[in-house]
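Before any questions on binding or motion, here is one chain by itself as structure tokens, the form predicted on its own.
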Amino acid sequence: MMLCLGSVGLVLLALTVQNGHGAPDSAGWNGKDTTERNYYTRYHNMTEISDWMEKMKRENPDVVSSMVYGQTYEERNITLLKIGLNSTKRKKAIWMDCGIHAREWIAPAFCQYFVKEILQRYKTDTKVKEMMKNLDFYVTPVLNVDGYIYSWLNNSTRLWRKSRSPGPVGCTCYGTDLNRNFYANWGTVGVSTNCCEETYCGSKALSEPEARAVTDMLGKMSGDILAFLTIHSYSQLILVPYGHPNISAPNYNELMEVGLGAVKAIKAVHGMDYTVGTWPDILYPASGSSQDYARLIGIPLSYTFELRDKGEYGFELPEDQIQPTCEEAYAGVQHIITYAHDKAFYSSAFKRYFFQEILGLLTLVMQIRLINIVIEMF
């Protein structure tokens, strides 16, 4: 989600944080253990999130592993959690990433909440357990690691959006909008070529190592990924491809129908209204997004979630809204994942059953006809 134009205070803030390079992670969060009941009602810095990822692996060694699949400009690891029950068969996958825009702190908070929920629910919920058997969940809690760490540095950097790579020669500003840097109609609409702007799309498609890391992973897994989910804030939207106003997804109707089901599931939790549609229809045109790239390479269900709120607090959503936001978003995500799972496993099974029944019926008809021919001969 971009910041609306016209806010003098925020423009001044952007100017104050353009210079400088790198940032240490902020101090720990009072050393409180992640087993605390209210851990998931607070925002956490990168060190805490990394510690939490290690904890998830230690506590769930049979279903959770981690993978480093790239490095940021400042040479920090980009790490995902792979979650699923072991299987001897090749499994389908769900992709989820959070924190591609540094200031959208509610997004990593949701990724953490999502992991916590599925690890708890599969033990008692037969549907979640079934999906854990058939699917692997690839969850990146923070994609823009450099930017996220920088946003924790102090109040002047809190609303940093982009990565932390330097601009091209002659530019004194830092950062590229990672969600404008993918090879999907790159640089055509909804971007800036001014390296100091928040929607600067980079010197070329995939100029940023973070975008290349995701692209490489999706390329390796595209045949197995049933749904691509990227989590942002704010505006309470579910966006479907494409960001270009003149291009429509071949399964647009399906994307809208499933998205509307997710909106309904969200509203049932806390009564919050979300809107579903393409970027140009309900937000603004944009090119070079990860969501559009995922759809272009054949991942059928590709969605961007813009979580709470609608602008009252914007990117600085209070911590007392973390839990309800995550609860309702989980319901929406679960609807999409369940649809993707059932379509892949039940629809194909039904088709195989139907084909076998038809083949059996045709065989029976041919046998009866052959018998009648033999009878007529005698």
Partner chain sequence: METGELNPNYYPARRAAAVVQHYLNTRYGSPYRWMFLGNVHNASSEDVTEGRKYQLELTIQEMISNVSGPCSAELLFPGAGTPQVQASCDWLLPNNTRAQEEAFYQQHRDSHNLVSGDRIPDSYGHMEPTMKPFWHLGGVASSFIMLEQSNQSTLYNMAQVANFTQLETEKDQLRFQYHVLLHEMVSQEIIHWKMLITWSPAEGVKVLQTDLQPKCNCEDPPDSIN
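Everything numeric in this text was worked out from a predicted model, so none of it was measured. Numbering follows the first chain given and starts at 1.
What follows is about the form predicted together with its partner chain, which we do not show.
Only one of Glu130, Glu74, Asp216, Glu254 gets a heavy atom within 4.5 Å of its partner chain in the predicted complex. Which one?
When its partner chain is considered in the predicted complex, the option within 4.5 Å is Glu74.
Tell me, out of Trp152, Phe137, Trp186, Tyr122, which residue has a non-hydrogen atom within 4.5 angstroms of its partner chain in the predicted complex.
By the 4.5 Å criterion, the partner-contacting residue is Trp152.
Give a yes or no for Asp51: in the predicted complex, does one of its heavy atoms lie within 4.5 Å of a heavy atom belonging to its partner chain?
Outside the cut-off, so no.
Would Leu159 show up as a contact with its partner chain in the predicted complex if we use heavy atoms at 4.5 Å?
Answer yes; at least one heavy atom of Leu159 falls within 4.5 Å of its partner chain in the predicted complex.
Does Asn246 make contact with its partner chain in the predicted complex, using a 4.5 Å heavy atom cut-off?
Judged by the heavy-atom cut-off of 4.5 Å, Asn246 is well away from its partner chain in the predicted complex.
Does its partner chain come within 4.5 Å of any heavy atom of Thr47 in the predicted complex?
Thr47 belongs to the contact set for its partner chain.
Only one of these stretches, 114-122, 77-85, 207-215, 304-312, has heavy atoms within 4.5 Å of its partner chain in the predicted complex; which one is it?
Only one stretch qualifies here: 304-312.
Taking only heavy atoms into account, state which residues of 100-131 are within 4.5 Å of its partner chain in the predicted complex, ordered by sequence.
Result: Arg103, Trp105.
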